[in-house]
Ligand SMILES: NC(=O)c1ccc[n+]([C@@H]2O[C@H](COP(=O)([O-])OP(=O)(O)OC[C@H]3O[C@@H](n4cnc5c(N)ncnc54)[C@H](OP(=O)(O)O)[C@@H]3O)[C@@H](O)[C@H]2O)c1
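Okay, here we've got a single chain as structure tokens, the form predicted on its own, with questions on binding and movement later.
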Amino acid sequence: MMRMLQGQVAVVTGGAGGIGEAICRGLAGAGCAVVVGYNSSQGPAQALVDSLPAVDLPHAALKAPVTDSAALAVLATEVQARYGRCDILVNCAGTTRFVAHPDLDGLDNSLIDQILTTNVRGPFAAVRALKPLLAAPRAEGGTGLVVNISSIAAVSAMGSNIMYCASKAALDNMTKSLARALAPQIRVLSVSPGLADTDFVKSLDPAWRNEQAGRTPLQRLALPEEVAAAVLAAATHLTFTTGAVIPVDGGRPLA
């Protein structure tokens, strides 16, 4: 996929996180100028930008708090001013907290609101802000692309808490609605990982991590780079695909 996206511009919300970083590196490796969107992680976002391979256009770290629609409008204006285009939007920003599913009181209203605002409203707001750039005609042809980073929790209903699972199910449903609403100018897909072996996951209880890997038919967790590869495939090879949910889960639903 080397240089297949040369001259294109991608915005990745949550770009400084474990999966987001792998996606940014993959897109830059394919020739894309990458906007690493961040909320509070300006330092790590800028460090990531500084480490990305040089392409035709400069990479940038820009503030992209997905819970703030006004700030996303500013982001869109900045992307327009710097690049004059946006070809790919990857909605990777998300939040959760571990709450045992039977503990309904532990899943308080403030956490519910935070999860739904970030994981559901956030991707919609980012699409809404960047839609004019994503839908704009391109001299080289092709469509704009939105990739929503979802989770196997959307279908398994097993995850960090009940509302997180519900938020990812809503995101997959919204992917399909947006794919229909924004066609033919913009394609919209979900990439749905199983548990990804990020630095955060590696810092958790090794026995729990190994148990999760053992429950997967391929007997390991997803690598962040494998999630990034699915995003790259959506941008470079799956050009007639929209409204689909692409699993990167090692066959976990089969177990």
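Predicted model only: the values in this text are computed from it and were never measured. Residue numbers run from 1 along the displayed sequence.
The same protein has a further form, the form predicted in complex with the named molecule, not shown here; the description that follows concerns it.
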4.5 Å heavy atom contact, V201 and the named molecule in the predicted bound form: yes
Could you tell me if S151 has a non-hydrogen atom within 4.5 Å of the named molecule in the predicted bound form? yes
Looking in the predicted bound form, any heavy atom of G31 within 4.5 Å of the named molecule? no
Using the partner position in the predicted bound form, report whether S40 sits within 4.5 Å of the named molecule, counting heavy atoms only. yes
Single option in A196, V49, A230, V55 placed near the named molecule in the predicted bound form, where near means a heavy atom within 4.5 Å: A196
Out of L145, A129, C92, C86, which one falls within 4.5 Å of the named molecule in the predicted bound form, going by heavy atoms? C92
Listed range touching the named molecule, judged in the predicted bound form by heavy atoms within 4.5 Å, from 103 to 111, 176 to 184, 76 to 84, 163 to 171: 163 to 171
Could you list which residues of 64 to 93 come within 4.5 Å of the named molecule in the predicted bound form, counting heavy atoms only? A64, P65, V66, T67, C92, A93
